[in-house]
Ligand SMILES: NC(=O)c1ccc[n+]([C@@H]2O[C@H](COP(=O)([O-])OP(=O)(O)OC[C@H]3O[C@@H](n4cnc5c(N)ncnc54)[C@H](OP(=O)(O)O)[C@@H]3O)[C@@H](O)[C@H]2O)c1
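Coming up is one lone chain in structure tokens, specifically the form predicted on its own.
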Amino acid sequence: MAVLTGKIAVVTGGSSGIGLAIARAFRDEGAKVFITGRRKEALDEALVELGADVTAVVCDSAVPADLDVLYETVREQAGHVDIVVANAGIGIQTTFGEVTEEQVDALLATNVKGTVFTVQKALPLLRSGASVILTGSSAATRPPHGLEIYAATKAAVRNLARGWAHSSRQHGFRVNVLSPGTVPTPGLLDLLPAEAREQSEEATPLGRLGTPEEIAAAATFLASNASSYVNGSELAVDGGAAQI
């Protein structure tokens, strides 16, 4: 039997890249999936691929009112949530000495504030035993040059999971961080030049970059009962790049 049969999953930032791969994997494992994105056009394209078991909601995770609309949709259509993947995030290249207030505000709003309210607003709908997955990054351990602020937001995400794990008994969930390494996605291709991607590939012990599907497989593990005693942890899926 598919490992997520009958589960209800929410994946923010699910219209492309890693989020889309996670939504696809969850669907293939039997879950009913709700995805979000800021652009309706991208969500419509994702739905063409994902099909009828997936619902798309236009939502900016940095806007709490948008999250209210998301979870009201989930409540009306499903009644509860078993899996929350707080995946929506942005990266901005910033040069130390030239960082702007707008850049900092944007990174904190989506990557930290968005993660906080994606999870907090899900609490009333979470079914006992729910799995909460926060998308981190290997950059939190080894911040690349020019991505220091982004890396700091992902370090904050790691610590949110550590703190929230203390609430597991009270709220009936377990929470973990999924931290990808360098994975070619539309967002990454815009962020890192080809030379930087080649350097990352060379620095990875496995000698290659990851794929969205490999990250999605790890997310499926964290969402499933196979990880029922995993809580407050970080699962690094980075080919060893930030581990040695």
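Values in this document were obtained by computation on a predicted structure and should not be read as measured data. From 1 onward, residues are counted along the sequence shown.
Omitted here: the form predicted in complex with this ligand. The next part is about that form.
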item	value
Contact test, all of Ile90, Thr110 and Thr135, partner this ligand in the model of the complex, heavy atom 4.5 Å	yes
Interface stretch in the model of the complex with this ligand - options 119-127, 96-104, 146-154, 167-175, non-hydrogen atom within 4.5 Å	146-154
Lys32: touches this ligand in the model of the complex, heavy atom cutoff 4.5 angstroms	no
4.5 Å heavy atom contact, Cys59 and this ligand in the model of the complex	yes
is_contact(Val54, this ligand) in the model of the complex, heavy atom dist at most 4.5 Å	no
Distance check, Gly207 to this ligand in the model of the complex, heavy atom within 4.5 Å	no
Residue among Leu50, Val183, Ala218, Leu70 with a heavy atom within 4.5 Å of this ligand in the model of the complex	Val183
In the model of the complex: members of 5-22 within 4.5 Å of this ligand, any heavy atom	Gly13, Gly14, Ser15, Ser16, Gly17, Ile18, Gly19
